[in-house]
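Quick setup: one chain, the form predicted on its own, written in structure tokens, and binding and motion questions come after.
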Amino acid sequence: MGPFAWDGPMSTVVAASDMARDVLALYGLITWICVAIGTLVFAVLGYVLVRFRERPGAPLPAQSHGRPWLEIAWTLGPAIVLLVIAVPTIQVIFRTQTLATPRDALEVVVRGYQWWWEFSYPSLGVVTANELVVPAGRRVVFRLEGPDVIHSFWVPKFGGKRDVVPGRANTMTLMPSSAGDFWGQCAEFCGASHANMGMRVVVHAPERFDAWVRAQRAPAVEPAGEPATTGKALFAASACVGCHTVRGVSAGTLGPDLTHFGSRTTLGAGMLPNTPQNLVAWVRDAPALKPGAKMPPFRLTDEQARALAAYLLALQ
């Protein structure tokens, strides 16, 4: 994929949901209206410049006062254009801003923290972080909550964005159209690592989404063998348990739920691939990788860092 690919990871002109298609259709209509108006204006301007250009010895053109029909035309014309734009615009606003919950819709509560995302599925009993998984062909209602500062939930190919505001419940409803991986980003400046507050969005076929839900509901995997076993003991004896949940081991709520952390492909809210090397560096000194990260640096030996990373990656 070249640097100017039309269908890039953050493209806003490739629709992957019904909401994005509605918005792009409206943009397309407005764009073609602007092209038609621009073409007409430049055509008339070109005609006037050529037809009425100054010629040597030409007499002064006949003078006239007022053209009522012309004045009426250039008053009614823009009004009609605005009406043609306003009607579909209002229709799209009502379709994309609805607060009603459609029947059989999947509800996802989105919480924006500095600087990571939490996604919980109340009807499914699933909580995950930074990687949003939804089914294709099913309407999804996102309930947006801001526990700390203002963030903005934005998945470009899903269309539009919504602010995540403390004390205010915002809603976004859409239907992903096809399976695939997409990228999202916080779109409201929220502090030192605002640019590092991304998310991976995975749209599964319905049967694969059901399998993902079953896997997420399962208890944390018990590590087998070294160094993961040592890593579990280190996790349980350290400050990790005060911030992170691993079902059956800890119940912290300040940081992301890690019960199935090993099944995620990224860490640090999409900053880095979830590899052993990156995870070792992360557990030793997260702020060195992500400025302002609230996870403090730990004085771990290389052996301890590798053991802790092995345990976390085993949490599939």
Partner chain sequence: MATRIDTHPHPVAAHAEATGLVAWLTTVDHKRIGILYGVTAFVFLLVGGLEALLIRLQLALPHQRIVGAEFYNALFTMHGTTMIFLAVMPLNAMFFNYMIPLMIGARDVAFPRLNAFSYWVYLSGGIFINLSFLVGTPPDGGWFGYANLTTRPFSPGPSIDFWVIGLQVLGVSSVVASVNFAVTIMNMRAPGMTLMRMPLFVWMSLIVQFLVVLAFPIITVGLIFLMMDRFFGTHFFDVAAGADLHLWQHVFWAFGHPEVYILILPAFGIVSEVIPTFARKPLFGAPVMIYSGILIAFLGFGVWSHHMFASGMGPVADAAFSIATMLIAIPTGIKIFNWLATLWGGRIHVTTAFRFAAGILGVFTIGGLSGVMHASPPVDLQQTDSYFVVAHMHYVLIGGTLFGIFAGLYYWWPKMTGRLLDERLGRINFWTMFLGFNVAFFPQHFLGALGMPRRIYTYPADAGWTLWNFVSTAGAFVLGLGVALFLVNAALTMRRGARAAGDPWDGRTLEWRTSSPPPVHDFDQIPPVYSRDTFWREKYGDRHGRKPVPRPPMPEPHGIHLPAPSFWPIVAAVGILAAAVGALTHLALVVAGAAVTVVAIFAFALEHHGNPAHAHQVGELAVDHRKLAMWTFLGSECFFFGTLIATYLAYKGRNVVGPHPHEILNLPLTTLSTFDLLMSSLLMVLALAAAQRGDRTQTRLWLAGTVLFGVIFLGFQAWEFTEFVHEGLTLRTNLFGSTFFTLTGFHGGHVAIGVTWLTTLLILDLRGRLTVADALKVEVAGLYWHFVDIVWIAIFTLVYLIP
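What you are looking at is a predicted structure, and each value in this text was computed from that prediction instead of being measured. Residue numbers count along the first chain shown, from 1.
Another form exists, predicted together with the partner chain; not displayed. Remarks below refer to it.
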property: Residue stretch of 122 to 130, 214 to 222, 162 to 170, 236 to 244 approaching the partner chain in the model of the complex, non-hydrogen atom distance within 4.5 Å; result: 162 to 170
property: is_contact(residue 248, the partner chain) in the model of the complex, heavy atom dist at most 4.5 Å; result: no
property: Heavy atom of residue 138 within 4.5 Å of the partner chain in the model of the complex; result: no
property: Touches the partner chain in the model of the complex: residue 291 (any heavy atom, 4.5 Å); result: yes
property: 4.5 Å heavy atom contact, residue 75 and the partner chain in the model of the complex; result: yes
property: Contact test, all of 94, 148 and 183, partner the partner chain in the model of the complex, heavy atom 4.5 Å; result: yes
property: Listed residue that, although the partner chain is not shown, lies within 4.5 Å of it in the model of the complex (heavy atoms), from 105, 201, 187, 109; result: 187
property: Any residue of 46 to 67 that, in the model of the complex, places a heavy atom within 4.5 Å of the partner chain; result: 47, 48, 49, 52, 53, 54, 58, 59, 60, 61, 62, 63, 64, 65, 66, 67
